[in-house]
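Quick setup: one chain, the form predicted alone, written in structure tokens, and binding and motion questions come after.
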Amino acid sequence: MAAIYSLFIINKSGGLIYYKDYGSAGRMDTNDSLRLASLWHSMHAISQQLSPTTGCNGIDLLRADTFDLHCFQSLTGTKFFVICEPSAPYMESLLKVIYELYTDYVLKNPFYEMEMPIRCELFDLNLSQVVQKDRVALLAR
């Protein structure tokens, strides 16, 4: 399976509500992850406004020499993005599965307050299972 370096979930106002590092070489501290999430939220919003095409939803993929950043934005404005190895396949599918886990285990949790940091054991457990699965099993969903 393609190496996923990190996962971020950003609320609609740009606040980082979830961050998980999967052992990337350049491990970030809390301040760096907050800055990156805020920067991505701003770039995503600006790209929607500056796009020459109508109906643009912002940046979905950012490619660099050493990583790719894939983003999925839900209808509520919550952004899910993963930083992974370059040209990693099936990241869009993975982000949709992560969104399903978010709706099933976070939003349906009666103790979760919207827009607040995610602290849900079932979400963490199922997320780690999905990330560790083989990409063929991921596509079979």
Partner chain sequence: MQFFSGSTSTESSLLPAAPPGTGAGGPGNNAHMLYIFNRAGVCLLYREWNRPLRTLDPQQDHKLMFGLLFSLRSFTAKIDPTTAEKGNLGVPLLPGQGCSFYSFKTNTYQLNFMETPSGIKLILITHSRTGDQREALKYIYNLYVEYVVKNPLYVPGTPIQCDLFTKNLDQYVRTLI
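Positions refer to the first chain, counted from 1. Everything quoted here is computed from the prediction, not taken from an experiment.
Absent from the display: the form predicted together with the partner chain. The rest refers to it.
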Handout entry: One stretch from 99-107, 57-65, 72-80, 112-120 that, in the predicted bound form, holds residues within 4.5 Å of the partner chain by heavy atom
Key = 57-65
Exercise for the section: Flag Ser47 as yes or no: does it have a non-hydrogen atom within 4.5 angstroms of any non-hydrogen atom of the partner chain in the predicted bound form? Expected result: yes
Practice task
Consider Ser93 of the chain shown here, and say whether it contacts the partner chain in the predicted bound form, taking contact as heavy atoms within 4.5 Å.
Solution key: no
Handout entry: Contact label in the predicted bound form: Met28 to the partner chain, heavy atom within 4.5 Å
Key = yes
Handout entry: Proximity of Ala88 to the partner chain in the predicted bound form, heavy atoms at 4.5 Å
Key = no
Practice task
Can you tell me which bits of 91-121 touch the partner chain in the predicted bound form, meaning any heavy atom within 4.5 Å?
Solution key: none
